[in-house]
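One chain is shown next in C-alpha cells, namely the form predicted alone.
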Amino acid sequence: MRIEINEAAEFFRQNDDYLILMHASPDGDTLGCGNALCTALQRMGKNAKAVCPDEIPHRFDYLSEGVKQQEFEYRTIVAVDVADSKLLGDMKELGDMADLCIDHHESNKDYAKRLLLREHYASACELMYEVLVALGADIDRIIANCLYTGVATDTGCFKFSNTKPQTHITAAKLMECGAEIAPINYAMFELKTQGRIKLEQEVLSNMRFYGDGHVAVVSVMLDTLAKLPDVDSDDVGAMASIPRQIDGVDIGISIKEKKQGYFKASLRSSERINVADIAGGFGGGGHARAAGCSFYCSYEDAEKQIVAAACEALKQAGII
C-alpha cells in the first residue's frame, strides 16, 4: 500500500518498538536514514534500533552519535533505502515482514505492507528529511549530519545527474540545521586508506575494455582481498565508480566475488544508458545511472553475460 509523508509521520506517532533495517553493503544513504530515524524516534520516547546485516565501515561511525543502545522486543519493522528484501542479505526474512519501507528506488519491489516512495528523489535521506519535518522532529547537528551524508553520497557530492534543484535546497536546509559539511565531504570523497590505494592499483591493472571502448570492466576477487587485509567493504564498494571515470566509457562494470560461485556486479553509466534495465534482466535493479545484480556461476560466465547485455544496450542506443 502506497502512503504519503503525513501518513508515514502518523505511523511513527502511533507505533513503537522499532527495528530499522539498513541494506547489506551499506552506503551513506541507508546508514544516514537509519541513524537519523532511530535518533528521532528515541528522542520521542520510543524504542528503536537500527541494524545492518554487514559490518559498517569505520568512516561512518559518526552517524550513530545520537543513537542510544536499547534492548527490547521489536514490534514494528521499517526498512530504509531498501528496494528489495533480497538486499538485506541474512535479514531478508525480516524485510519480508516490514511494516513500512521508505525508499527512492524506481525498482522498489513493493514488498513492505506500506511504501513511501519518491523515485525522483536523489536520495532516501531527502525523503527522510521531509518525514522528520512532518513528524515535528528537532533536526539538530546530529540528525542533519546523518541526512546530509545520504544526500551527498548518493549524488556523488552533487555531481551525478540525479541531482535536482530540490536536492541543493534540502542540503542547504541541513546546513542551516548544523550539518558539518567540510569534514563529512572530506571523509566521504577525499580520504582514502592505504588499503584502498593498494586495491585501486590491483583493479586498474586488470581493467578490460569492450564495445569499442564504451564498456570498462574491473574485478575484485577474493584472492586479491586475501593479500590486502587492511581493505574493508567500503574500499571495495568504491571500486564501482572507477571504470566510468575513463573518457569514452558509457558503462562501467565492477564485479566483486562474494564467495566461490557467487558474484555481484555494480553498474554505472552515462546519461545515454539506463543500467537499471540491464541489471533488471538478471534479477537486479537500482537507478538509471547506478544499478546492480548478482550471478551464481563462474567468473568468466558472469563477465560474459553482463558484458553481452551492456553491449546490446549500447547497440540499442545507437552508440556502437
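Think of the rigid core as the biggest set of C-alphas that the two forms share within 1.5 Å after superposition. In case it trips you up, residue 1 is the first one in the sequence shown, and so on. Model, not experiment: these values are computed from the prediction.
What follows is about the form predicted in complex with a further copy of the same chain, which we do not show.
Q: Could you spot which one of 224, 108, 161, 233 gets a heavy atom to within 4.5 Å of a further copy of the same chain in the predicted bound form?
A: By the 4.5 Å criterion, the partner-contacting residue is 161.
Q: Tell me, out of 238, 97, 157, 134, which residue has a non-hydrogen atom within 4.5 angstroms of a further copy of the same chain in the predicted bound form.
A: Contact check passes for 157.
Q: So, a 4.5 angstroms cut-off on heavy atom distances: do all three of 186, 192 and 197 pass it with respect to a further copy of the same chain in the predicted bound form?
A: Every residue of the spot touches a further copy of the same chain in the predicted bound form.
Q: Heavy atoms within 4.5 Å of a further copy of the same chain in the predicted bound form: which stretch in 118-126, 74-82, 88-96, 203-211 meets that?
A: Of the options given, it is 203-211.
Q: Would you classify residue 143 as touching a further copy of the same chain in the predicted bound form, given a 4.5 Å non-hydrogen atom cut-off?
A: Contact check for residue 143: no, nothing within 4.5 Å of a further copy of the same chain in the predicted bound form.
Q: With a 4.5 Å heavy atom cut-off, would you call residue 229 a contact of a further copy of the same chain in the predicted bound form?
A: The answer is no: residue 229 has no heavy atom within 4.5 Å of a further copy of the same chain.
Q: Is it the case that residue 176, even though its partner is missing from this view, gets within 4.5 Å of a further copy of the same chain in the predicted bound form, heavy atoms only?
A: Yes, residue 176 is a contact residue.
Q: Answer for residue 220 alone: is it within 4.5 Å of a further copy of the same chain in the predicted bound form, judged on heavy atom distances?
A: Although a further copy of the same chain is absent here, residue 220 would stay clear of it in the predicted bound form, with no heavy atoms inside 4.5 Å.
Q: Relative to a further copy of the same chain in the predicted bound form, which residues of 119-156 have a heavy atom no more than 4.5 Å away?
A: Only 148 sits within 4.5 Å of the partner.
Q: Does residue 270 move appreciably between the shown form and the other one, meaning a CA displacement of 2 Å or more on the superposed rigid core?
A: Indeed, residue 270 is displaced by 2 Å or more.
Q: Once you line up the core, how about residue 101: does its CA shift reach 2 Å between the shown form and the other one?
A: No: residue 101 shifts by under 2 Å between the shown form and the other one.
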